[in-house]
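Starting off, we have a lone chain in the form predicted on its own, written out as structure tokens.
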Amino acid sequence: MSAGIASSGTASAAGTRATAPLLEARAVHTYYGASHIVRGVDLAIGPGETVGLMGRNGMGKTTLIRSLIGLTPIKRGSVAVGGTDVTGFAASRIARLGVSYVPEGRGIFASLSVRENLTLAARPGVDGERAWTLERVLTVFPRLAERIGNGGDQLSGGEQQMLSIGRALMTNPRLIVLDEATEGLAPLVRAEIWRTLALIRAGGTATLIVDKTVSAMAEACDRILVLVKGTVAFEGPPATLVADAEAMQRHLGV
């Protein structure tokens, strides 16, 4: 980590890590062919914690989260979910442990209706609870209720993102991983997405968010990690990062 700006011992993070992390990655290395993309990353997310993952394009953010959830195999290191070592597990097996993924491309089923996209994903959480139901998702996203019979390919980009988040919630996860949560969306839609993420946070669901909007991430997250060339260059509370203009410029170009 960069000297002078890194912080890994905040009171809130320390309190969270005193309990078993919901997700814990240790010394993760991931390659694409001969290219070494993720280089020895450590990451822990506690129950109910919101962690932001930032960095310029091409720094390994998407590769890291795909490594954490089993979509891209890691070369070295380990990943655990709820204390279970999931290194080498298929993504579907990790999902059944309560991890849900909202990909950058949204990944909805274009030929299915909004209702079908949501109900197809419905299942109880690992504790058997169904806190998130179709009715609750439609209450959170009234636009989806208005378009309940529309096909996925009949929705705007913002509505598709709402549907992708709603579908993730229908699995009643312990952790939601969002890649580029608001990329390319209109300002009003972005604001609605951030309001929804605040609601998810308030409900106790842990989140790992990749996004480029520093102000929104600072408000939404308990902790932020910044990746530079596949390594963690900063980890700490948002206020520490925002207060360091030199670090912001060097790592994020802000």
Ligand SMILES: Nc1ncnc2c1ncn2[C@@H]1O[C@H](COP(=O)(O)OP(=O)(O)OP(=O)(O)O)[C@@H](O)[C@H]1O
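Just so it is clear, the structure is predicted and the values come from calculations on it, not from any experiment. Residue positions are given as counts along the sequence shown, with the first one as 1.
Just so it is clear, the following notes concern the form predicted in complex with the ligand, a form of the same protein that is not shown.
Residue contact check for residue 63: one or more of its heavy atoms lie within 4.5 Å of the ligand in the predicted bound form.
Within this chain, residue 228 is remote from the site of the ligand in the predicted bound form, having no heavy atom within 4.5 Å. Interface membership of residue 214, defined by any non-hydrogen atom within 4.5 Å of the ligand in the predicted bound form, is ruled out.
Contact between residue 58 and the ligand in the predicted bound form is found at the 4.5 Å heavy atom cutoff. Only one segment in the set 216 to 224, 186 to 194, 200 to 208, 32 to 40 has any non-hydrogen atom within 4.5 angstroms of the ligand in the predicted bound form, and it is 32 to 40. Listed residues 153, 104, 146, 116 were compared with the ligand in the predicted bound form; 104 is the one with a heavy atom within 4.5 Å. Of all the residues from 175 to 206, the single one having a non-hydrogen atom no more than 4.5 Å from the ligand in the predicted bound form is 180.
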